[in-house]
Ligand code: NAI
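So this first bit is one chain, no partners, the form predicted on its own, shown in structure tokens.
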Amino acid sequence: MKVAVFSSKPYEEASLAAANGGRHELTFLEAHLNARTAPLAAGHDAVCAFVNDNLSAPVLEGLVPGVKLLALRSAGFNHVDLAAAERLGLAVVRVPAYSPYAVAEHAVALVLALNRNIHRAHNRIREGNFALEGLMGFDLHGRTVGVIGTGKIGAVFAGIMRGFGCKVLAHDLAVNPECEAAGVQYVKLAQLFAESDIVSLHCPLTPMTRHLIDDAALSRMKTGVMLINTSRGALIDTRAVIAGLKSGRVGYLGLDVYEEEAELFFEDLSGQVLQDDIFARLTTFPNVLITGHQAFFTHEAVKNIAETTIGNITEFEATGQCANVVKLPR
């Protein structure tokens, strides 16, 4: 198949080319997919898109009739208008799992760095300041950690935190038997908010979970709670969390995702003035640590994403179907 790969980076190109082995004709495009760039897919059978590409109805309409397949290089598909894809006859396939360890371990890294003020200590030492004032952390052992979403990533995160000696509470629509057997206690969301010292988000973005963390949710949490999000940015109402940081309700905030990240993350904007005032406000807090959607970014994960993506394309070309297809909920 001829495949237009949008939002491609050099590290992805190498992995995809290695996984491809010459089976498909890959055209690597640095541009994000949107209504303006959709014509670049002309003459291709498939489009390969990443998390910040625009796959709304108008964009998808610009891809047909030539394109038959949307191959996502991600597990999440909230950025795809599935109803429009179905109407236009576009199959949508994804990478359901690539490395739960990569994302879970990054979430733990955010917990540790925030707790022990690693980011602040690093900057101090570089300036010759070896004072300890303002750097005190707390023992993770004996603390209560709330995990929202116990799929593959959430389950790995819960297991790591159990290893630290934490009590782990969880909330999910479906109980993960492995988590339950390991001592994770499933509770209602209200109880998780009320009892957790650390709350970590590992659930998908759906209409039900959008702004799951809002003013009402924060009001139920402990004063000084640590909030971690390595899942999807819009799970958090950023304005509400900023208010929580100002009041002290939120004592620590670790983000690898941001609800308006599409125009920021994965790009070098160091020579520009950021136009997102809300994001800029977040960066002024000393108890906030933000990474640019890099939780997935390990050698193993990038390799697995490439291999599954190429496998999805190959399966669809051979059979017209794919085990990793995304279907419109009924």
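Keep in mind that this is a model prediction, so the values were computed, not measured. Position 1 is the first residue in the sequence shown; the rest follow in order.
The same protein has a further form, the form predicted in complex with the named molecule, not shown here; the description that follows concerns it.
- Using a 4.5 Å cutoff between non-hydrogen atoms, Tyr98 counts as a contact of the named molecule in the predicted bound form.
- When the named molecule is considered in the predicted bound form, Thr150 lines it closely, a heavy atom lying within 4.5 Å.
- The named molecule in the predicted bound form is approached by Pro204, whose closest heavy atom lies within 4.5 angstroms of it.
- Residue contact with the named molecule in the predicted bound form: Glu259 places no heavy atom within 4.5 Å of it.
- Checked against the named molecule in the predicted bound form, the residues Ala190, Leu173, Leu135, Ala216 give one hit for a heavy atom within 4.5 Å, which is Leu173.
- With the partner omitted here, the residue from Ala71, Leu227, Val103, Ala158 that has a non-hydrogen atom within 4.5 angstroms of the named molecule in the predicted bound form is Val103.
- Site residues Asn117, Phe164 and Gly251 are none of them in contact with the named molecule in the predicted bound form, judged by any heavy atom within 4.5 Å.
- From the list 290 to 298, 55 to 63, 272 to 280, 33 to 41, the contact stretch for the named molecule in the predicted bound form under a 4.5 Å heavy atom rule is 290 to 298.
- Residues from 213 to 252 that approach the named molecule in the predicted bound form with a non-hydrogen atom closer than or equal to 4.5 Å are Thr230, Ser231, Arg232, in the order they occur in the chain.
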